[in-house]
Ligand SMILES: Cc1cc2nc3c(=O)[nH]c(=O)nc-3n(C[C@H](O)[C@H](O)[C@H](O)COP(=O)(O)OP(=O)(O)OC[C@H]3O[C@@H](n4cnc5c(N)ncnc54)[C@H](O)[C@@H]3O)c2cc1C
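Next up is one chain by itself, shown in structure tokens, the form predicted on its own.
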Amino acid sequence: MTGSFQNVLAGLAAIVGDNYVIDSAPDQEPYVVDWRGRYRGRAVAVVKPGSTAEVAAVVRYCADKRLSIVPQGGNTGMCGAATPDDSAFNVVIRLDRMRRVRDVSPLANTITVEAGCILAEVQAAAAAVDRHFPLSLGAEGSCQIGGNISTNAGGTAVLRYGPMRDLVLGLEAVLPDGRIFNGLRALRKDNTGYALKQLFIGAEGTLGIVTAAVLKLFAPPRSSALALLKLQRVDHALQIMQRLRGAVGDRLGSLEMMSRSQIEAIAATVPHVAIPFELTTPWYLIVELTDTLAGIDLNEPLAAVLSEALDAGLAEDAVLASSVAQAKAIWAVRHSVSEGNKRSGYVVSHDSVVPLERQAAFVANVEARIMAAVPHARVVMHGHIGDGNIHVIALIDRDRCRDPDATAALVAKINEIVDDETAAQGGAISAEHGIGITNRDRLARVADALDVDLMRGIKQLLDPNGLMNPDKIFASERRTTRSAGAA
């Protein structure tokens, strides 16, 4: 470590304290490698500020020293957006210490939390006042609210409640120059000029660091019913959804689809998850109804729709969960897809979203094209069919991925197939995972040129030196030249 970098460490420690500046490589390991182990970077330091004022002071210090700033939540993202590059000028800022629930208002149906709060903690804080925060993800025990906001997280409840963008009322964020954007207002109606908070939602930490948020709460579900359906075709799932919406309206809370191959990957690699049903058809649909009224029998209307679906030949079989434990067992399968895929091989993951009417064509076409181009790939699929978001995953034997150049070419080939088919069906390449590192080149290839120009203009306005989470989203980004002496 050069003397100048030692000075940097001392300067950061003066702001947050010695105990909250991590500089040794072994201790930094969890923070410089992404969840999938796909990307690895370096950092001068990992810094853990304890307040918004400390975040602002760290950012001002880094901006003065021309050090790149990499905001990081729970590091559970799928696209490498929270991973530093391999330069020697990165400071990773973690908000683990900022986990306060600042306010809960059952009257206003809001909760104000700091960005380091774990999603499950927010859910629990809402439940403690008989309210419900609906965002639900497989990583909810470790992902942080700041990361959920920065990636505009989706999850399994989007059909009823919307993605994170629909759940945020107000934001507090530190800008790339250290100024604090104070938009932490719990207002349902605010038409005072531009909706500036929206800039930070889904920006993947490239425009600033979210430090706190006012989130919407809802009445908790007090009645529920869940079923698993076995289907032959994706379009049958869409017809069932149409029937459900007509019969139960917004009581339809979740509609999740998995291919047989996806469940087989989980069964083979995740031993603590049991598959509580036989695999006899190509597709499996989870349907969950909820109601805020206690004592409502939702099994009756769900059973009626399922009976109609069976009679119409839309489903081969249906299992209506008879207990909370059985429902949890079914959900455990759905929430294990990322773990199962990671254990099954080299994952080429996609996050496409297409119009509902075109999902069946998209699924059939993209699988056929991948298998024709890469016969040794194993195609698995899962996703939120009710909002058009189907994750197409190609699993490749790791022995075939030892050569980096060959692997990159293989990934590019699969990506091109998925992207072209997504565009052909009128869709977009990312519904909820974002761009990060993984999808930079794909965005540059498929995005509208004007869209990219506008995004770059916003980035240049807020971060003219390109120091805030550089080289994420955009395929290339000019940064101020620095040297160890400058640091």
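All residue numbers are counted from 1 along the displayed sequence. Given the structure is predicted, the values throughout are model-derived calculations rather than measurements.
Below: the form predicted together with the named molecule, not depicted.
Visitor: Have a look at 311-319, 132-140, 220-228, 370-378 and name the one stretch with heavy atoms inside 4.5 Å of the named molecule in the predicted bound form.
Guide: In short, 132-140.
Visitor: With heavy atoms only and a cut-off of 4.5 Å, decide whether Asp291 touches the named molecule in the predicted bound form.
Guide: Because no heavy atom of Asp291 falls inside 4.5 Å of the named molecule in the predicted bound form, the answer is no.
Visitor: Would you please decide whether Asp85 lies within 4.5 angstroms of the named molecule in the predicted bound form, comparing each non-hydrogen atom pair?
Guide: Contact check for Asp85: no, nothing within 4.5 Å of the named molecule in the predicted bound form.
Visitor: Just checking whether Arg251 would be counted as a contact of the named molecule in the predicted bound form - the rule being heavy atoms within 4.5 angstroms.
Guide: Heavy-atom contact with the named molecule at 4.5 Å: absent for Arg251.
Visitor: Is there any non-hydrogen atom of Leu306 lying within 4.5 Å of the named molecule in the predicted bound form?
Guide: Close contact is absent here: in the predicted bound form, Leu306 is far from the named molecule, nothing within 4.5 Å, heavy atoms only.
Visitor: Looking at His384, Lys197, His236, Lys216, which has any heavy atom no more than 4.5 Å from the named molecule in the predicted bound form?
Guide: Only one option qualifies, and that one is His384.
Visitor: Which one of Ser259, Asn109, Thr112, Thr76 is close to the named molecule in the predicted bound form, taking close to mean a heavy atom within 4.5 Å?
Guide: After the contact test, the surviving option is Thr76.
Visitor: Along 135-170, which positions have a non-hydrogen atom within 4.5 Å of the named molecule in the predicted bound form?
Guide: Heavy-atom contacts within 4.5 Å come from Leu137, Gly138, Ala139, Cys143, Gln144, Gly146, Gly147, Asn148, Ser150, Thr151, Ala153, Gly154, Gly155.
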